[in-house]
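Next comes just one chain, in structure tokens: the form predicted alone.
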């Protein structure tokens, strides 16, 4: 990392929480935040034990933390059922008739599911799973649209101790196959299709294609939800319909206790190598982290109507649609489709109609809303909103200010949250009733999170010096390992600085202690808030018969944050053409998913390599970012390659 930041200093525009908001907030001032934060760092086990005690445990723990770096056990010896904490304890109490999920499908169909009803639906599906031979520790792959049944399936798995593996509905069959094989899943829960921008997106065919090549384990059952009614193939003896299965079982099911460290789910995230990493999260610590962050960061209270616009296929959907909000007994909105269907007023109309008070979305969406025009939000009453959130990538100050003014009416605090699939829950964020916010910064660490920025030598950076973001102490919701690969887990997250978690993000801290996230340090792109491994995309390109070699880098993009730029060399007998470029883009989309399609593809006779044969991706990134290269290129094997590439990029 460089010794000093090259980022232009941001004007000192500070937004303080209003007196009205702070007066009612759980944490009403910076003094209160600092006091509790100090206590949580000095005595983290005491702090986390207090939070965990607000959950329902069927057996108390004997030890809060057993830390043998890099492996942690939280609430060791304790037993609980995650589903019981998210559903039963509300369904049999004062929240029985309270709305848990207010769902809207893209075509306009709607459902309201109370906690009492949710309990019955989850129990039924838990019985369905057990009836089909699914048991504790079995891995279940879930590939569904944004419908309540996706959450029900996850909760039912948690209820019986099965380990769910949710795959984002935008991924293709190759991604499903990778995740099936790595996890050894024995069952699949899917749907015929889902709605997106007025069209049916088929899902079952991708599952069929993946299963036709899956031999790692015997599939006990494929359960299919009928959502869109599109024609699909049902394999006799393997496939069954959700609606038929649930009519054959009871709506009563006893939630059994599982060890605090019992696996809850595996969620795959792109790595800097071609193979996705199966991030394993366990039960007690993960639930404690998501519960506490929801409570404090979203200042969540019983009367709120909360809406996180993420998909359950990502960690944000796991932590801040399914587990965190439901553990808090929240009422939340869930939406199936695109934000611009039928137009960019869709979200604002829903906020007005459902009286949403807390809204959590991504900077990519915010930038799309800005481009669509101020008249869309101006046409709706957004006065119900009291808190806004941002997730997925750093939010640029311009987008922050627009969000604050046009959506929050200048009155709503914005919690700009930093966290990862691996962290399980938010680690750095404003506390809405306490933290003065500078647009563009995630501000300060959450309680119990000992975050720092270190240089390459392991020394803490001075204010405004760029460095590597690390977490120095364990926290409950941290990933326990990479599924089936402890050695990769150690190397990926704990090898840079022994005993410290390395996030893989560059960051700096200003004179007021605010954390500014700069971006990824490894070969992982952040495209519209989705992490994509460059090696994964390169592998997909090389799998095409026309491509001999490929290199992928990211370039800045006003809408997506990062766009995918690919450089390919073609095999003998193939020539560059517009048709081939389209074919290559679609090929990547077929193997990985539409979100991975390269925005730019440059066909070139060669790639910049060192004399040892290593591709100098740094030079490619400079070309697509600045149009020129800088720095030391003495190790470059062929200087003519750079000249040819510069001409290619200029013509684009």
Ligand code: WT7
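Residue numbers count along the first chain shown, from 1. Here the structure is a predicted model, which is why all the values come from computation and not from measurement.
Not pictured, yet referred to below: the form predicted in complex with this ligand.
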query: Per-stretch contact check against this ligand in the predicted complex, the hit in 288-296, 526-534, 106-114, 173-181 (non-hydrogen atom, 4.5 angstroms); finding: 526-534
query: Contact test, all of 316, 391 and 422, partner this ligand in the predicted complex, heavy atom 4.5 Å; finding: yes
query: Contact of residue 505 with this ligand in the predicted complex (heavy atom, 4.5 Å); finding: yes
query: In the predicted complex, residue 517 touching this ligand (heavy atom, 4.5 Å); finding: yes
query: Exercise: residue 417 in contact with this ligand in the predicted complex, heavy atom 4.5 Å; finding: yes
query: This ligand contact in the predicted complex: residue 269, any heavy atom under 4.5 Å; finding: yes
